[in-house]
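Only one chain comes next, encoded as structure tokens, the form predicted on its own.
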Amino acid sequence: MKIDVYHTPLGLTAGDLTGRAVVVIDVLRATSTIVTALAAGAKAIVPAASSDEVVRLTANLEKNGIVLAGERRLLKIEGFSLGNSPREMTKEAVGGKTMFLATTNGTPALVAAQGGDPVLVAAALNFSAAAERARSLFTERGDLVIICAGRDKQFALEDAYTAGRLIKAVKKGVPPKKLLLNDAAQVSLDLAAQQGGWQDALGASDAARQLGEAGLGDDVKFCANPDRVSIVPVYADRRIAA
């Protein structure tokens, strides 16, 4: 039984993931934003690799049914209605609408995960529900891929920590001799064992520091609250739905 972790999506192709169950993590903040938006009643989320792609995809759509959201350098993209803060994802802002989302790290990771079957979206906010679904898939298939968005194409502490906690939950009951972890999975598992709880681990990250400097420290606290919702978003056919 095998679990592979990728600390960034760099180099991944659809062929690498064909037929494999995949979990995508960008806990600060894209997957937290997606989970919160769907819990607030968003119809679906369409992740895009860039803001230009969002503009192209929505050029001919009825504006009343969509909302544009995203960030560059942590801040809301000019001309978009929402940024990438889960605290913005209220029923009034996204209820009944399809949200087109472009972020620096999270949405490119989701786009890279195309080919997985299924592709689950995980954060601390829906951790137990996502872990239960991932464990079910792992038990059934004996294989799981966890893709961390990373930060600026590099390792991100908060995503690796979340991956480690996910591995711990998924592998329960599996004899050690039957479990095969790639190096990134083993590092993530060790990291999760060494760190404290969600608030401490996420708060210690470089992402948290940068968000704090940008006046978005409350996003870190929000994202570090586990199990606020029980939905497990699934990404298929370029759309994420609950």
Ligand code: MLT
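Residue positions are given as counts along the sequence shown, with the first one as 1. Please read these numbers as outputs of a predicted model, since none were measured by experiment.
Just so you know, the form predicted in complex with D-malate (MLT) exists too; it's not on screen, but the next bit is about it.
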Exercise. What is the one choice in L74, V145, A156, A131 with a heavy atom within 4.5 Å of D-malate (MLT) in the model of the complex?
Worked result: L74
Exercise. At the 4.5 Å heavy atom threshold, is R151 in contact with D-malate (MLT) in the model of the complex?
Worked result: yes
For this session: State yes or no: in the model of the complex, is some non-hydrogen atom of T162 no more than 4.5 angstroms from a non-hydrogen atom of D-malate (MLT)?
Result: no
Problem set entry | Exercise: Q114 in contact with D-malate (MLT) in the model of the complex, heavy atom 4.5 Å | no
Exercise. Would N126 count as a contact of D-malate (MLT) in the model of the complex, using a 4.5 angstroms cut-off between non-hydrogen atoms?
Worked result: no
Problem set entry | Proximity to D-malate (MLT) in the model of the complex (heavy atom, within 4.5 Å), stretch among 186-194, 37-45, 170-178, 23-31 | 23-31
Problem set entry | Stretch 72-105: residues contacting D-malate (MLT) in the model of the complex, 4.5 Å heavy atom cut-off | L74, N84, T103, T104, N105
